[in-house]
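Quick heads-up: the structure tokens below are two forms of one chain, split into structure 1 and structure 2.
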Structure 1
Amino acid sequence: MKAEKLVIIGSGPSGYTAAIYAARAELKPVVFTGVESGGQLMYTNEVENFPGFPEGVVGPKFMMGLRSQSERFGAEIKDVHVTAVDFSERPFKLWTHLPDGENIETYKNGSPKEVAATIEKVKKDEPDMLAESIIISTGATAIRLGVPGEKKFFGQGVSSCAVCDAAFYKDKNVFVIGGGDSAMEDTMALTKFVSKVTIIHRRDSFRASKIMVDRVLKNKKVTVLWNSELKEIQGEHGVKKVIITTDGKDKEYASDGVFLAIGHRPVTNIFQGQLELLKSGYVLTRRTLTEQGLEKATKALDDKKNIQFPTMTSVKGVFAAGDVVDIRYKQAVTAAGMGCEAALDAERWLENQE
């Protein structure tokens, strides 16, 4: 089996930007988009802060534009999920199939033990692809609370994507969980359809940007329960009510829907044991903004005291970019910039191997 020069695992702004740069460098990259092609922006109604779009742009339209641009320059896009990797030696091995009876949902919602067991089964087969270099751009996924009723009603009144599902709640009464920019954006998306949105936040102030907070608090459809937490979701064939704890006291509220907007975790389950990760699960590179990242960068200084291949992971030839690395900024524009960096690093590293 011939090894590809470069494989990009994951899409989103970082993956597609890496593909654009790599394709223009004639590396003929292969991009595995994963289960959720296009990343989190596929669920974003309006992108207002990406340079070059003064009137804003709809998230899916923006992502499809990046995809088309990468294909224009020769990137090969595969709408397939990578199910296992082996970075122990080059060429690196990748698997994209599942054993009989296994479901891709294991990778999204299974426990670490279940995911590890599935990966071991996959790796008993021959790999589906070989690669001389890899860029990891698997992004992050929505965090769930784990409260009673959440799993039972997910997709039946519980959602992690207000932009996707808001229209189903016309003139309804819904709750949003969270206090960051994601919660503010979800709330504003919902106000276009619902009769009332109640934000449940465990603190006494939001951590979101001021402009987003101002928009939300000025909207007459929005109320806020401060110092509160969702305790339980109840219903029959769908969500009917929620139990909220406020200042230590439980209270029942009628509800037609619950939207989770409490953050995301990096999608790195297939890289456990293959790469060095932070305790939080983010991939560690030489540009990671932690003490561990600083140590990696210091050890990678050249004779001019410049950091060699900043997007390199703990494995030579494997690079990472976007929200799977970014512990601080988590913006589309920073993800795209990191994708560019990773592609340039991979190109130069490959040149050094010839």
Structure 2
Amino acid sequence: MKAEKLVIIGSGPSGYTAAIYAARAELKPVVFTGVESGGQLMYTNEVENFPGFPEGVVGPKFMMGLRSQSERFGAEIKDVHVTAVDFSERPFKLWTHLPDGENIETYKNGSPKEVAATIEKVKKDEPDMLAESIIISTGATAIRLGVPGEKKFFGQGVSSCAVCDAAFYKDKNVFVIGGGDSAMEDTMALTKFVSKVTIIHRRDSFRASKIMVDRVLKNKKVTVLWNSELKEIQGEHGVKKVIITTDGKDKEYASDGVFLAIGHRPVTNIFQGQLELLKSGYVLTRRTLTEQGLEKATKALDDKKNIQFPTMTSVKGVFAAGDVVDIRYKQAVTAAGMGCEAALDAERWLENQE
């Protein structure tokens, strides 16, 4: 089997941007979109903060645009999920099929043990593709609570991105769930538009940094319900009410929106044991914004003290971009930028191998 020059795993703004750049560089990239082709923006109504769209753009339309733009330059797009990888030697091996009796749902909702067992079975067969280089852009998913109404109203009053959606809630009454930095940041973003934000936190103190907590608590639009959990979201065409349990007692509150800020989970279960990941599951590269990333970057300095291939992971020839790496910004535009960087790094790295 002939090895492809570049395989891109994942199809959010980072994956497709990498594909556009790589295709224009005549690398003939193959993009595996995964079962949820298009990533998180497929669940976003209106994207108003991507430069170049003064009127905003509907999330799925934006993603279809990126997809056809990459196809126009020769990217080959395969709407399948990568079920296992082997990065132990080059060319790298990829599997995309599932043995009989195995279910793709395992990759989405299975425990790490279940995923590892499925991967082991997959690898008993011959790989489906070989690749000289890889870009990982599998993204991250916002952690959901799993309460009644959350799924039904997602994108219609329930959101996991206040920075993206706050402007749609002018003079509304909204709830933020969580007590970390994201919850504080989301609350501050919302206070610019809404009339009232209630933070629901399951304990009696926030884990967020003090400076952010102070800023939030000083804001007159903000109320906190401590020791509280969201039990249910109700509505008709959008969110109308929430049921909150405080100290064991349920109470109903009128609400126009619910913002989940209980963290993100990077989609890296197929890469366990194949390359270095942070404890939180994010892929470690030379541009990861942690001490470990700094260490990797320092070890990769050239004789001019510039970092070589910043988007390279701990495996030479495997690069990563977008939310799967990004512990901080998690924006479509930052993901797209990183996708461009990874494609340029992969192109230059492949040239050096020839």
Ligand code: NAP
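Throughout, rigid core stands for the largest set of C-alpha atoms superposing within 1.5 Å between the two forms. Note that this is a predicted model, so its numbers are computed, not measured. Residue indices: 1-based, along structure 1.
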query: Where's the form predicted together with the ligand, in 1 or in 2?
result: 2
- prompt: How much does the lesser of the two rigid parts rotate between the two structures, stated in °?
  reply: 49
field: Rigid core fit between the two structures: Cα deviation of L230 in angstrom
entry: 3.0
task: Give the C-alpha shift of V176 between the two structures, in Å, after superposing the two forms on their rigid core.
output: 7.5
